[in-house]
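Below you will find one chain, with nothing else, as structure tokens; this is the form predicted alone, and questions on how it binds or moves follow later.
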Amino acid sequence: MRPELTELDRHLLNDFQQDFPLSATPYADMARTLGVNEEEVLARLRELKQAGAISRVGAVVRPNTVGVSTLAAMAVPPEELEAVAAIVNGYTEVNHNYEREHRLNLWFVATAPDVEHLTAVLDEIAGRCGYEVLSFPLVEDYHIDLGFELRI
């Protein structure tokens, strides 16, 4: 069910995607900008998360500037895809995975504090699932702005 968005929700979701306050009190700063109090901002963000309208409020950092990451892929028989995806999603190091129409049909991004930890996670996933995990570390980065204006 789609949550009913208020005018405050629209401002919270649109106005701070790129310009989140970098201060010790970011939610108070947002509240001051929007003419409400900090508790109201925190309550609305918590309710939007509980309703599934947002997954998180957090920073996006350039890959490999904090820890290490890789794009990984597996070739999984279609009848096992859901089960293998569930195993992959169980790792806190995996931040998302998705299906592609290709021989390598399960892709995911994994992050870790260092290369040794990342390698151990990928090896463990391969061992538990019974399928090779191919790692495609970043060679060259491109900036893609993932901000989206809500028009509802």
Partner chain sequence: MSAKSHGSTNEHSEAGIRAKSAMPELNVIKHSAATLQRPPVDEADRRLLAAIQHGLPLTPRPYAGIAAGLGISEAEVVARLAYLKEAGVIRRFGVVVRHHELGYSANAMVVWDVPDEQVTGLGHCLAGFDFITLCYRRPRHLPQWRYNLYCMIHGKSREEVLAHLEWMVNHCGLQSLPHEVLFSRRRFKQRGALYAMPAGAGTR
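Only a predicted model underlies this, so the values are computations on that prediction, with no experimental measurement involved. Positions refer to the first chain, counted from 1. Take the two forms, find the largest set of C-alpha atoms that superpose within 1.5 Å, and that set is the rigid core.
The discussion below concerns the form predicted in complex with the partner chain, not included here.
A heavy atom within 4.5 Å of the partner chain in the predicted complex is found for exactly one of V57, V36, V115, A126: V57.
The partner chain is not shown here, and in the predicted complex it never comes within 4.5 Å of any heavy atom of L8. Among residues of the shown chain, Y131 is not one whose heavy atoms approach the partner chain to within 4.5 Å in the predicted complex. Although the partner is absent here, R32 is not a contact residue: none of its heavy atoms lies within 4.5 angstroms of the partner chain in the predicted complex. For the chain shown alone, E99 is a contact residue for the partner chain in the predicted complex, at least one non-hydrogen atom being within 4.5 angstroms.
In the predicted complex, the partner chain lies within 4.5 angstroms of at least one heavy atom of each of the following residues of 118-140: A120, V121, E124, R128, E132, L134, S135, F136, P137, L138, V139, E140, in sequence order.
After superposition on the rigid core, the Cα atom of R56 is displaced by 2 Å or more between this form and the one not shown. If you fit the rigid core between this form and the one not shown, you'll see the Cα of M30 move by 2 angstroms or more.
Once you line up the core between this form and the one not shown, the Cα of P21 ends up 2 Å or more from where it was.
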